[in-house]
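Take a look at this single chain in structure tokens; it is the form predicted alone.
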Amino acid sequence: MNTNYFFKGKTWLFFFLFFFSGVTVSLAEIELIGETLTVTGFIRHQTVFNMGEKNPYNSNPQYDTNGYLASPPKKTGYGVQQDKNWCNLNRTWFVTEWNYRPADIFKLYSKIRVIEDSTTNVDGDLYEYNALALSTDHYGSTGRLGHDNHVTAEIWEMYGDLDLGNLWLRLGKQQIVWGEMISARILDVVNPLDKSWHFTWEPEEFENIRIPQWMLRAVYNIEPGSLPLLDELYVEGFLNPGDIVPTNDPQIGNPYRHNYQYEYNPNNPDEWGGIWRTTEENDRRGDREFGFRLGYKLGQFAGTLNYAHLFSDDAISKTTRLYGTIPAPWARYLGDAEKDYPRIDIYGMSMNYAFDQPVNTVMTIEATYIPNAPWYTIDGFYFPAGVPPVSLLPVVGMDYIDTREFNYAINLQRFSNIIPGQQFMNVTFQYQGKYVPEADDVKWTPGAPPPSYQNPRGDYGTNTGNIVEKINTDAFVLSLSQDFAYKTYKASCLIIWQPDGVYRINPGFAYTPGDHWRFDVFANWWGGNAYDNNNKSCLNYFYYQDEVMARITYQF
């Protein structure tokens, strides 16, 4: 453990707030101004133990993913971690939720959180990285009151609600959740994700990684009886006037990093990581995002029709110029690339039906169609026949095309009396998938496939037929959750299996001795070896992420 950690950065701020919160917990349990002003929250510490392997995307000192010899060993991103780390995450949270309701029709809400991340300080085998980077300076009324690489204090959510009977309005920094599938975002597409620290492997899945944005949201309920047969009908819409935040991915050195770096920063030559000098990201401030849905209910059948006009959350890179080389033995062809977040249109629908006795099952279906989804082209690099790509320079750069994409899932949920004398078990079964009609023409990632692959044409580096990459992501999901002893104990297990022979198992156990304390232990296990662990559509892409997580939470 690095003992200097306690004396550097803004760590003193966290310890001050932690002590202060302990002093005021009893105050937060009461209504500060009757029912007008109330405060709730929690203090949590979590540690994630690495039971898997060293992250391959932090530890490849010789070759990058395109088969080129890496740059001289500086902070390349291909050799920043020499040994396997024992700690994937060591983080403490202090979260408060404030509710102010001066009138029945009006409410103000804010979630303020202080996070301290000491992962790189407790594990000396990890490269020093910014654990709390949220977005670039361009996008971001992030509400951060102050932060460094290890500590942040921020207003995570802040909005006001106005209830005018049939019309309900919410204005402010918020999350909009339209989908309800397990470990899959079908209709839940409005907010980007903070994937820099634990992906969807928390028990709460997307709740803590969905990034709130400044938006206006409105719901108008049409009076029952206005249309024949329908029991309920409403129209909902949202507008983001231009403060758009992209997905936040892990940085170099992060145990959760999930790809190689394809670009380098010309303003900091020590941060080599790829062959592309990336220009400034296209500035999207002032560009609007919006969407709406029509919801209805007829007896035990309900559903929505959705549309969203958004920007892609993930950056897509495109080569704008090729020039120059780096001399041997680090021979590379350098190029300029531009990052873009293309506009996409998402058409969606959902259907729910509640079956009566004896089935007692709720069925939910969600589906989306994206006519202009951005995907990388398969022939991003080209090498003449018989010439190993390690010694040759590429003559074509990165490019992407718009293509059709379908996403879908069906979910069955039932509460069943499985264990005599105990509460009902929550049993959920789900099937989910992705279909890209032009799958043979597109790729998940830019660049060439591994140098060992040679297509039938005799060329190195192209990906005709997607022999290396699989695009469609069908999977079966089983989720089990059982309470014991009046919710004092809870056992759960999430199993995701893909027909190609890969799976993820996520067992968990929680102990809640009273109204305030909660102790959790969860694990993530990955298995199978389809596509040699290098295909982003397969669960075993994260084969190195076997882990056990322990959490202690005090809630007030």
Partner chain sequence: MNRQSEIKCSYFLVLLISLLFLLPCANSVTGAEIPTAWDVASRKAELPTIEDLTAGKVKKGDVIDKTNVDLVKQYLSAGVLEAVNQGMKMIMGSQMPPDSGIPETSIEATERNKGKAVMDENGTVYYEKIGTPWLGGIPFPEPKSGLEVMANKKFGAGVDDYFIFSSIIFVNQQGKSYKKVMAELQYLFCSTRTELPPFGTYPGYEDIMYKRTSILVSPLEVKGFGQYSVRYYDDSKNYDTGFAYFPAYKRTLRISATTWQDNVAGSDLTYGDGNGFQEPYSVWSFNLLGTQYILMAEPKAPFPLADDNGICKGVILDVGEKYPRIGWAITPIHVVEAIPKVSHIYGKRILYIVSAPYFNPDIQVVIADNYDRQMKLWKVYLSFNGDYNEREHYYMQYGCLMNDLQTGHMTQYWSKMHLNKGLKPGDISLKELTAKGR
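Numbering follows the first chain given and starts at 1. Keep in mind that what you see is a predicted model, and the values were worked out from it rather than measured.
Absent from the display: the form predicted in complex with the partner chain. The rest refers to it.
Mapping the unseen interface onto this chain, Gly179 counts among the residues with a heavy atom inside 4.5 Å of the partner chain in the predicted complex. Although the partner is absent here, Asp440 lies well away from the partner chain in the predicted complex, with no heavy atom inside 4.5 Å.
In the predicted complex, the partner chain lies farther than 4.5 Å from every heavy atom of Lys54. The closest non-hydrogen atom of Glu205 lies within 4.5 Å of the partner chain in the predicted complex.
Proximity to the partner chain in the predicted complex, taken as a non-hydrogen atom within 4.5 angstroms, holds for one residue of Tyr341, Phe94, Tyr127, Tyr159, which is Tyr159. Contact with the partner chain in the predicted complex, defined as a heavy atom within 4.5 Å, holds for exactly one of Gln251, Asn149, Asn90, Gln413, namely Gln413. Proximity to the partner chain in the predicted complex holds for all of Gly299, Asp356 and Thr488, with the criterion being a heavy atom within 4.5 Å. The stretch from 309-317, 242-250, 400-408, 416-424 that comes within 4.5 Å of the partner chain in the predicted complex, counting heavy atoms only, is 416-424.
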